[in-house]
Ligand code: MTE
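Here we start with a single chain on its own, the form predicted on its own, put down as structure tokens.
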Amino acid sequence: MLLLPLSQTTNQNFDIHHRIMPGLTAPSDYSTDPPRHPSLQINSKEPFNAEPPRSALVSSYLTPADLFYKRNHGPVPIVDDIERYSVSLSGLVENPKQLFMNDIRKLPKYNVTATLQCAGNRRTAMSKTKTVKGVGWDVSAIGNAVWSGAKLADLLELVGIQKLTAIAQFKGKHVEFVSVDKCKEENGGPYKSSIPLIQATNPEADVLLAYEMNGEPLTRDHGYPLRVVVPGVIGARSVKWLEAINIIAEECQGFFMQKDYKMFPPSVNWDNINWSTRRPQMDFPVQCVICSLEDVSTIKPGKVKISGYAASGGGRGIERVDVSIDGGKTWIEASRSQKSGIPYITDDDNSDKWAWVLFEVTADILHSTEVIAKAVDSSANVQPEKVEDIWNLRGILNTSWHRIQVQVAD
């Protein structure tokens, strides 16, 4: 299928084109939402936000689509006609284009194993310190998958933006992703977000326009037919149900870039907050969670397997996972793996740099105690010991030591 040029000036025609030939539409209610796995813990029904049991996360390196956390802001969009579905590529470029799925599939296909994590993962634990605003996620707003599709860097070359470009010819510095998804935070407008142009045009950053997840077409909850995947960055930037890609001079001015997902100190509250004093959060920090035990677990005395996940943003690997079975007095180093039979080594060619690491250690637990896990990434970043030190009013980026209360039965 041919690439169709878009007019730079006739936005009216562009809107008419989309009304007549939408291909992908956003429903006004939740009656057409897809069915979901019965084991998911539902944190919000409308819009649907849910996470799997933590034990499911460590049962496999790749998270199945139906057990991958669901993070929605409105009713799930519907594909009316995949042949008519297209993405506009415009903004501060000389030759805007309209791209259909056939055009995107003709570009080289890449497979990138990457962990996506909601910035609100572990918010529930942070809210125990002091109430925060947001969906109450436990520890499973995270998942790991093989995403397949075209690299954004290849796509941008179609409108004349070369690889490793920081500023496009017409002073574009950022790439904005606009969804067909409508949400109340945008007053009924589309969900949108952006990343710096230098990241978008860097093939090594592995930013994808993904149409497959774990070798299958995307499911509706995960962005069918096309989504952005920005590895190493909070999930809010990996926009689903893509409708438009815009080259812009400044960061996206959408709600989720400017009035949300920013890291404030504990001293800031809703009375004195000034959103403009903080940059939008991008990379996620080093994170580590025990998944083989619940927050309060009763066990028999003896050997206990302690396993979970660890991940860091920005392509940083996991250098070490430490586990304590005496409340943090002494520590044992856990084994780390990504692929069975291949030892995980940080920054090794065999390691998936955007993906989580599964850890495991077996310890003798004879008395009731507190079990703790913490990770260190390849840049020697460590997790904060206390959640109070990183408490923030939106409850994002809770990466404090993960603590489990273990009661040993007689």
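Here the structure is a predicted model, which is why all the values come from computation and not from measurement. Start at 1 and count along the sequence shown; that's the residue number.
If you look for the form predicted together with this ligand, you will not find it shown, but the lines that follow are about it.
When this ligand is superposed onto this form from its pose in the predicted bound form, none of its atoms comes within 2.4 Å of a backbone or C-beta atom, and the site is therefore classed as open. Partner contacts here mean any heavy atom within 4.5 Å of this ligand in the predicted bound form, and among 67-75, 290-298, 88-96, 273-281 they occur only in 67-75. Scanning Ser307, Ser194, Ser179, Thr115 against this ligand in the predicted bound form with a 4.5 Å heavy atom cut-off leaves one residue, Ser179.
This chain appears without its partner; in the predicted bound form, the one residue of Arg227, Arg123, His174, Lys151 with a heavy atom within 4.5 Å of this ligand is Arg227. Taking the partner from elsewhere, Gly232 is found to have every heavy atom lying beyond 4.5 Å of this ligand in the predicted bound form.
Interface membership of Ile161, defined by any non-hydrogen atom within 4.5 Å of this ligand in the predicted bound form, is ruled out. Contact check for Asp221: a non-hydrogen atom falls within 4.5 Å of this ligand in the predicted bound form. Using a 4.5 Å cutoff between non-hydrogen atoms, Val239 counts as a contact of this ligand in the predicted bound form.
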